[in-house]
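In structure tokens, one chain follows: the form predicted alone.
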């Protein structure tokens, strides 16, 4: 039986951890908001730790899933920190959508204590976490990945070894930057078409059977923009962070990437304008404001 700790019971972390509340694992959880951990334990039977150090004590695998890499690194030091109790031979799997530079720092810190590290951000959203169908992008040693694969397979349908430490972070950041480009570009195209007299639902009917289609046009715009629903599933603040990581990656690797840099600037602007709690798809509202056009389908316009 693998002894596992899960740290970070947020919107994606909690359903990921729920898959580990399984007879094959001895699961301990910790969350900065204790009430969430207590509710999780009541529903699953997992044990709740009082500190990160207590969560990590005698664990084979520690999974972290927090907003940014520095949140994970902040849990390392002090008497209540992870480094106080992580045992030699354990592995820390960081599922945060993080930055490669901080992941490499954490890997070096942990190596001194004989602890392995993998950056393993995930894609698939809350629905994928609930269904156990996430894609897990892993950076780090391939042999270390194999030791923790039974844990990752509980919540990940596709587990991809991307390269050395930081490679998973890099791929996740670029993936999310492309998501941001698709959202913004589709919004600009639709407001231009609205002004040209083409209704958005008609435009999407054509785009989604043509070469301009994307996940944004096929799913996000019909389900969220045309309906004006904008459910809160993934914060714009976090997408802004991810696009910024991708833009920094391009600069650090001396890649000329004007579209990445522009997308980073646009989503930073949207984040500032819409605030910390806005959903990522609500960035469309900034495009609408600039064009003085609202993207609506027939049903929304007639309602």
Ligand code: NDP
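Positions refer to the first chain, counted from 1. Just so we're clear, the structure is a prediction, and the values are computed from it rather than from any experiment.
One more form of this protein exists, namely the form predicted in complex with the ligand; it is left out here, but the text below deals with it.
**OP:** Please state whether every one of the three residues 1, 82 and 149 places a non-hydrogen atom within 4.5 angstroms of the ligand in the predicted complex.
**Re:** No, the whole trio is out of contact, none within 4.5 Å by any heavy atom.
**OP:** Have a look at 55-63, 42-50, 259-267, 232-240 and name the one stretch with heavy atoms inside 4.5 Å of the ligand in the predicted complex.
**Re:** Result for this chain: 232-240.
**OP:** Name the single residue among 223, 71, 188, 77 that comes within 4.5 Å of the ligand in the predicted complex, judging by heavy atoms.
**Re:** Among 223, 71, 188, 77, a heavy atom within 4.5 Å of the ligand in the predicted complex occurs only for 71.
**OP:** Report whether the minimum heavy atom distance between residue 103 and the ligand in the predicted complex is within 4.5 Å.
**Re:** It does not: once the ligand is placed as it appears in the predicted complex, residue 103 has no heavy atom within 4.5 Å of it.
Original post:
Any chance residue 93 has a heavy atom within 4.5 Å of the ligand in the predicted complex?
Top reply: Result no; residue 93 lies far from the ligand in the predicted complex.
Original post:
Could you tell me if residue 122 has a non-hydrogen atom within 4.5 Å of the ligand in the predicted complex?
Top reply: Answer yes; at least one heavy atom of residue 122 falls within 4.5 Å of the ligand in the predicted complex.
Subject >> Partner contact for residue 275 in the predicted complex: the ligand, 4.5 angstroms, heavy atom >> reply: No, residue 275 is distant from the partner.
Original post:
Can you tell me which residues in 1-28 come within 4.5 angstroms of the ligand in the predicted complex, by heavy atoms?
Top reply: Heavy-atom contacts to the ligand in the predicted complex: 8, 9, 10, 11, 12, 13.
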